[in-house]
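The data below hold one chain only, encoded as structure tokens and taken in the form predicted on its own.
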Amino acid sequence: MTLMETAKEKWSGAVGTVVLGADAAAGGTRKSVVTLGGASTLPFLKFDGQTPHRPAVAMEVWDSAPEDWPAPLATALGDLVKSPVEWARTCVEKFGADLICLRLTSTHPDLANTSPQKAAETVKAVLKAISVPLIVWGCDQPDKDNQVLPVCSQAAAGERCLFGTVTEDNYKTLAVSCLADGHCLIGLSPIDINIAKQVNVLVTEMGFPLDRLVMYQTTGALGYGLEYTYSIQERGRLAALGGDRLMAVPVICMVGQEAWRTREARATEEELPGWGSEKERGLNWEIATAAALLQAGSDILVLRHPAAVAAIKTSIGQLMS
């Protein structure tokens, strides 16, 4: 190698691809689909390999209006949060979301305890209102999710949605439903590479295809475990590039959820006057967290604030250009 040659890494593997959404040719009604993964290098290092598909940006939509979101975030969304259909439509048509992440929070037994049938109606209404792929997320109460998500899966059959979540202790019910209805799955684990791989092993042993699986290794926000999240995601990407097929799975990160629960995002200027503008703090926390996780290898970033979506999509465009 001469002094003028560029040093390059040679990888034996690549991240697998997952297609979300089904267009008319695939039997669905989506006008656009999202392809994740496919990278044969560490994030955005084009001189080492290919990054054929850009990371996608999703926006959270709840089936019931959030009551405890910080004022700057609530103000940015306004009355949209009163209607999941209008909220989802606006996120796509005005804010530019590549996907919608519909969270069925009202189904939680401690909240409205919404029925599976009503949740399925919401899923169908949101699907009808948008043209992009849909992520359907339960209430994170396993027993209720096992009742609700299979009904929603059947209601959205053929649309190739991304359903979540399955864990090493609770995966069979949803895996069977999504396998039958043609959907993809999110495998949830702590920030632990071994447990993440174990979830993938368990799900694929049921016959669920690896090219319909996405990993979620619990995300930490800036100042709240981000550096550990980054290191684990990077290890996962290195394992995939090294040829570990069961780790060669795209990654999703719930950035907005984590960033907006931090003290820095929630504290008012009256409480902490030295911390600067309350309006800017939470937004910048979300952007900074998302920007870091892009470099760690995230394939889907789920955000909340419209301005964060604009900033991160601009950043992705620059990194991919």
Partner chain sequence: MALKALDIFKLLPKTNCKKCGTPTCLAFAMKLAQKQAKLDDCPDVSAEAKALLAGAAAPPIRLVTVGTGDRKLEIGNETVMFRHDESFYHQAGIGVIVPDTLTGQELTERLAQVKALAFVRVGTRIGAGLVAVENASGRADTFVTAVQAARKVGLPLVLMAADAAVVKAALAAGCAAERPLIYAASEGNWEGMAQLAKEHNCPLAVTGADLDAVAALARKVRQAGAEELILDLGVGSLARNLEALTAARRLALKRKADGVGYPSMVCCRDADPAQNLIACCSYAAKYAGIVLTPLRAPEQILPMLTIGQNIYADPRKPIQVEAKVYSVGAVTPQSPLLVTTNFSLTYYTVESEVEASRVPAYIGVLDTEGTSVLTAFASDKLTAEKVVTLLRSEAVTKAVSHQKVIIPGYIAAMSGELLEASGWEIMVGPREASGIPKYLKTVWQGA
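Residue numbers count along the first chain shown, from 1. Computed from a predicted structure; not experimentally measured.
In what follows, reference is made to the form predicted in complex with its partner chain, a form of this protein that is not presented.
Put simply, residue 32 is far from its partner chain in the predicted bound form: not one heavy atom of it is within 4.5 Å. Taking the partner from the other structure, its partner chain in the predicted bound form has no heavy atom within 4.5 Å of any heavy atom of residue 125. Although the partner is absent here, residue 311 is a contact residue: one of its heavy atoms lies within 4.5 angstroms of its partner chain in the predicted bound form. Among residues of the shown chain, residue 222 is one whose heavy atoms approach its partner chain to within 4.5 Å in the predicted bound form. The stretch among 126-134, 147-155, 232-240, 208-216 whose residues place heavy atoms within 4.5 Å of its partner chain in the predicted bound form is 232-240. Site residues 266, 277 and 280 are all in contact with its partner chain in the predicted bound form, judged by any heavy atom within 4.5 Å. Annotation for 22-48: interface residues with its partner chain in the predicted bound form are 42, 44, 45, 46, 47, 48 [heavy atom within 4.5 Å].
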